[in-house]
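Shown below, as structure tokens, is a lone chain in the form predicted alone; questions about how it binds or moves come after it.
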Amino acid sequence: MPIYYVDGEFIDSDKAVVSVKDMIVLRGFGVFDFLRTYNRRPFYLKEHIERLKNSAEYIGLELNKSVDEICKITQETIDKNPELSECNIRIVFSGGISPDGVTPAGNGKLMVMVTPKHENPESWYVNGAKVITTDVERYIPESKSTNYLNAVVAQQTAKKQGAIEAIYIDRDNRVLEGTTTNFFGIKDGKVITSNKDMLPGITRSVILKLIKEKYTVELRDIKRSEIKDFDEIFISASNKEIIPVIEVNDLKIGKEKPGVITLDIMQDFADYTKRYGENK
């Protein structure tokens, strides 16, 4: 049974609880971050915790621990789960209990949940996957808050349509991001991705560093109308890495199979994460 960290204690996962009066329960008010390990080494741990801190600041939630303290607690939680060869790590900071149920009182709870890494279907990576678009704009998109109503509804719609992800389109017809992913389009050898009004993905940032010397990168708004013209599309996330997209809604992309550039980026990322895990 996994061991979690909850508000100063390491406890069995089935005993991990939070008060029903906490604002994370009553209002969906809290922040979280998610990462995974490679060879049990947490991938870009400090960057994820710094993003957690930024997420909290965006919504006016005060963390009661420093970035370094949370990093240390996270590593200790991983170490207390030696039976897991690879881990998914979810770090949550709740809004805490509020006297009026609305105003934060600075008593939020830190939780670190370490679980076995979930394996996605191999077909996603070998054959490519379908995504849909949905007309949604996240409130304060730079914050990875626990208010995921839009994502939950969008994912249900995606599943009904045989898709693995839903991509948000705003009122200006800009392609922003997925419910849990970042979006990349490739046209004439150029790799294009949004650079504002979305969550700055850690996996996305690593990809951009890896490819900057090999491909021309454009950080800019992407219009909905551009989707049909892309030669290749892929999405990225900590729990998905890089997944080729071969269909958007009912529109076939490129040659309806993972493209050459996408496959090359996937290989570069796989090589990098292997080295990362070995360099403990």
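Values in this document were obtained by computation on a predicted structure and should not be read as measured data. The numbering used is simple: start at 1 and walk along the sequence shown.
What comes next is about the form predicted in complex with a small molecule, which is not displayed.
- Annotated contact segment (heavy atom within 4.5 Å of the small molecule in the predicted complex): 198-206, selected among 94-102, 198-206, 152-160, 128-136.
- The contact with the small molecule in the predicted complex, taken as any heavy atom within 4.5 Å, belongs to T179 out of T77, T193, T179, T146.
- Proximity of S238 to the small molecule in the predicted complex: non-hydrogen atoms within 4.5 Å are present.
- Although the partner is absent here, R41 lies well away from the small molecule in the predicted complex, with no heavy atom inside 4.5 Å.
- In the predicted complex, no heavy atom of K53 sits within 4.5 Å of the small molecule.
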